[in-house]
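This document opens with one chain alone, in structure tokens, the form predicted on its own.
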Amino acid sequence: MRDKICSVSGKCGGCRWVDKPYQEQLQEKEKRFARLMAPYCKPEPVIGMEQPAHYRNKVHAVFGEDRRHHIISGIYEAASHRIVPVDSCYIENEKADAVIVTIRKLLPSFRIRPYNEDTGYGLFRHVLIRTAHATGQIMVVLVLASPILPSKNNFVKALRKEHPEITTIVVNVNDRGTSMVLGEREQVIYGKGYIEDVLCGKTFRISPKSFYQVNPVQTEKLYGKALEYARLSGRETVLDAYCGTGTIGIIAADRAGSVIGVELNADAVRDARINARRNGVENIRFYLNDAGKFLTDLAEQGNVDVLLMDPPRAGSDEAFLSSVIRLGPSRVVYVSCNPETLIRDIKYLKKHGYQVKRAVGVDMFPFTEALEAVCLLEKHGKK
């Protein structure tokens, strides 16, 4: 009998497969994905991790008090707002976990109390740590119920004395009764207010609210497969739909004639433009728009050879997919974080002349049931 890797896995619910041997997890994911894809193609073997522990570069802790009014930090128990105390997590970055423990120990000496959701008293709500895998840079986001952090300069000094590797600290103000972690207002109290990481040879800026894949090691494999499927020769016009901060579009730009990115989140588009400039990529343009509406307009004006799409968990809606049909790219490379909605969208595209040519699962989230996938669809009669 194996020792339990995690003492709180029963309460947390975050990684339900934490006690299942990793090869067994991969086999189960591969079988499930093969069953889903059986009507369309035989997928390639699932791409797993060589070192699957401590992969999460984004770590969140909620702060509160126990019955004896001692400060605790950890995660919410599954389907509740009870805090499960956690000092270290098997899937989280170890330095991030250590920073959170240090912050918890510092709070009493600065007479800072955690926020109490029931009474509305207290200051300290959450800590969000973002770590850059390639550069080692660390961002600490202190989420407070009001904008004033007592003795903030001394707090920064004390925290950095324990963790000199921290490169920026941001205060985020969340004064609403909401389950959202981050509020709207931010103040940088140390460093630049962002960190930078390197992915597939390109440098990306990560702000507190930026979307950035939480497993960069597997993201390189995921994007590598997507670009292999895209078969870019340097002449194609590529559309990156749901482009976020522009990661895959910027990486693809070296191999394409031109790239167009479209995204509805204004902060993400701003970061995408900064990222393109930072990498000296001149053949990419980003547009702030709804992806479906943008595709409809584009279908009337221009030609797109390859569509890269990475929609949210819910997949794409019919308005977007019907716009894809009107636009008619030769190849669609669909990156999916939910194979069930991928299958639904494949059915629609297949009915309108697209055929599934290749597919592969990528294990972005070891010790959970989740599986990312990449699928290549080609327009019937086009290569």
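From 1 onward, residues are counted along the sequence shown. Worth saying up front: this structure is predicted, and the values here are computed from it rather than measured.
Below: the form predicted together with a small molecule, not depicted.
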| query | finding |
| --- | --- |
| One residue of Ile248, Leu295, Val259, Cys89 in contact with the small molecule, assessed in the predicted bound form (non-hydrogen atom, 4.5 angstroms) | Ile248 |
| Contacting member of Gly244, Gly122, Gly74, Pro216, with respect to the small molecule in the predicted bound form [4.5 Å, heavy atom] | Gly244 |
| Within 4.5 Å of the small molecule in the predicted bound form, all of Phe211, Asn289 and Pro311 (non-hydrogen atom) | yes |
| Heavy atom of Phe155 within 4.5 Å of the small molecule in the predicted bound form | no |
| is_contact(Leu264, the small molecule) in the predicted bound form, heavy atom dist at most 4.5 Å | yes |
| 4.5 angstroms heavy atom contact with the small molecule in the predicted bound form for Tyr223 | yes |
| Region of this chain that lies against the small molecule in the predicted bound form, out of 140-148, 235-243, 81-89, 104-112 [heavy atom, 4.5 Å] | 235-243 |
